[in-house]
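Just the one chain here, the form predicted on its own, laid out as structure tokens.
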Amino acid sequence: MDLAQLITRRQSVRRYSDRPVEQEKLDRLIEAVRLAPSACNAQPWTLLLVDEPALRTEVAKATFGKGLSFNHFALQAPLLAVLVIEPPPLAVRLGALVKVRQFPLIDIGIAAAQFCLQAAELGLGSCMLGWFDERKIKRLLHIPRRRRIGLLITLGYAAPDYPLRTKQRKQAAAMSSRNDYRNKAG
């Protein structure tokens, strides 16, 4: 499938089958993250794959809480990927100060996008999660106190009856412009 088809096919999956993800596919996902571009080639991430059932369940439970109805689907995912932000080299930190940009966050986003696109190409579903109890997950996975978790990604085979994307995307004119921001419709 070409890139345009892949981009169209990729969507957030919130219902998974219990089929485990094969090691060959995990290796390809790791490679997709390894090759992701980053500011000054800093590669400021560690990718943790969590598939041990009891540990995975505890990490999944840390993505929701009492009265929070979203992210319960994380319990169904056979695997959770955790992207830990690593300290970038001095050049990146200085550039971030000068330009008032958080390059490691941008880099984590790129790595996560490559992970999710690779997953879709392999027939897997994924969903990026930004809502989670960071302290609890850091404790469960023995992540050093001075590190931050950028994102969690659920991963697995979508449930057999999982529907294609139903929410409408913005029209191109409402989210893009050419040469002048004021030309944006909306």
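The first residue of the shown sequence is 1; numbering continues from there. Treat the numbers as computed from the prediction; the structure is a model and nothing was measured.
One more form of this protein should be noted, the form predicted together with a small molecule, which is absent from this view; the next part is about it.
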property	result
Proximity of Gly67 to the small molecule in the predicted complex, heavy atoms at 4.5 Å	no
4.5 Å heavy atom contact, Cys127 to the small molecule in the predicted complex	yes
Any non-hydrogen atom of Lys170 within 4.5 angstroms of the small molecule in the predicted complex	no
Contact flag, Phe73 vs the small molecule in the predicted complex, heavy atom cut 4.5 Å	yes
Contact stretch among 42 to 50, 140 to 148, 25 to 33, 127 to 135 - heavy atom within 4.5 Å of the small molecule in the predicted complex	127 to 135
